[in-house]
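This document starts with one chain, in the form predicted alone, laid out as structure tokens.
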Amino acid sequence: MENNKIQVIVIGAGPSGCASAITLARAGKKVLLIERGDNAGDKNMFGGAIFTQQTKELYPNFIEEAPIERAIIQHQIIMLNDNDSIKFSYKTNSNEIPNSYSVIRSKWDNWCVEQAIKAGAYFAPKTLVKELIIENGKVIGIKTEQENYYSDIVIIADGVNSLLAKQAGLRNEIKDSDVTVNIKEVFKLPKEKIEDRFLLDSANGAGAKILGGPLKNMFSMGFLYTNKETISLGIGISLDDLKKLKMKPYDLFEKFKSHPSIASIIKDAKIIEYSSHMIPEGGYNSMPKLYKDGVMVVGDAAMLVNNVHFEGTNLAMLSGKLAAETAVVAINKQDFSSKNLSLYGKKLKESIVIKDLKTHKNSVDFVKKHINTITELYPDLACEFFRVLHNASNEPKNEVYRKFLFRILKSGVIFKSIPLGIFAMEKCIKR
């Protein structure tokens, strides 16, 4: 780089930042990828899976070359009441390429950076961006703790709590209701035990979403992913609920882990890693402005997470790729204005990113409104149904069934389920 001037600066070496950097480098553009951590992935956290289609678009040979852990072929929903649990499990035995793979972020992110460097990107770890350099309303570079760097375009990919996006005037303060606090621990366990507990072979893995139990009556969900010799287990809880309930997230996580059905999964396992991170949950209604003169924002910094389907890394990669494609057009035209960078917004709208976020734009509010039904009533009734079905006692079955049906009617679950079902169907077919 001459005189600290480069065509594009990308801030943040997560999935979206790496996607931007490698797309620009492959197009022959000069790009600087900046990461504040000692290594890419050191400060990043997610549940545990990357999605195949968007990943292959960026890294065609990742299945053969990348540090992936297991192919996620088993998907579970686990519903907890105070003591019991019920599990719905889907396992694909298809010979098709799996839809997702579990990865460890520190390994995965570093590998992605390596691919960007091989393509021609410059990489600057251990570099904290203090602020943007703005001149006449246009972003023209960055200030770091060491020196200033100038560029034609800056792509902000620094995560959910992006102070740089705020400084650029792209967003306001984050609302507590728009983010969750996620806590995750990684448990070391012999691969044979992981495979026995989840009925897996050596190459395949499982993922789970967990409702109810210690997480009931709050906007919260547990998650689990199997790696080769570890299990990633965590919870996400609304920052809004944490403040209202005056709860400490770690205390809630300890209660979650002590539930009999969760404790049995991590029995005899050793905790080797703990992490905590904020995740955007506001979706379409909380998205910031995506661009202005000389700057674009991508990934979590743009609140691009589909919380209904637990999709974040794929939307991050896709948004980073589309922003980079827009930057290539802008460099070729030598026009870095907001009007020209609006192509990024158009590309996002034509992609699954905005289409899916728009489909579910009211989902979070709806779920919060019915949170007691979803996280307490449904798990309780589901567990009770199977207990009734398989229980043998001296009480006549017609009396047992009558009591159970009376409880269903009394709970109003039938009437509560109808609007839930209609809402889900309406959102799926709405354009």
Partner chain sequence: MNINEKLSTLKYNKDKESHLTVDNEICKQCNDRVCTHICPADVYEWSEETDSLIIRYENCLECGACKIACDKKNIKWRYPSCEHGVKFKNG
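Please read all numbers here as calculations on a predicted model, not as lab measurements. Positions refer to the first chain, counted from 1.
Not pictured, yet referred to below: the form predicted together with the partner chain.
Contact between Asp38 and the partner chain in the model of the complex is found at the 4.5 Å heavy atom cutoff. Residue contact check for Leu128: one or more of its heavy atoms lie within 4.5 Å of the partner chain in the model of the complex. Using a 4.5 angstroms limit between non-hydrogen atoms, Glu195 is distant from the partner chain in the model of the complex. In the model of the complex, at least one heavy atom of Phe46 sits within 4.5 Å of the partner chain.
Lys175 is the sole member of His309, Lys138, Lys175, Lys87 with a non-hydrogen atom lying within 4.5 angstroms of the partner chain in the model of the complex. Screening Asn83, Thr92, Ser264, Ser276 for any heavy atom within 4.5 Å of the partner chain in the model of the complex leaves a single hit, Ser276.
Although the partner is absent from the chain shown here, Ser106, Leu163 and Leu242 each have a heavy atom within 4.5 Å of the partner chain in the model of the complex. Between 246-254, 309-317, 333-341, 216-224, the stretch whose residues reach within 4.5 angstroms of the partner chain in the model of the complex through a non-hydrogen atom is 246-254. Taking the partner chain as positioned in the model of the complex, none of the residues of 52-68 brings a heavy atom within 4.5 Å of it.
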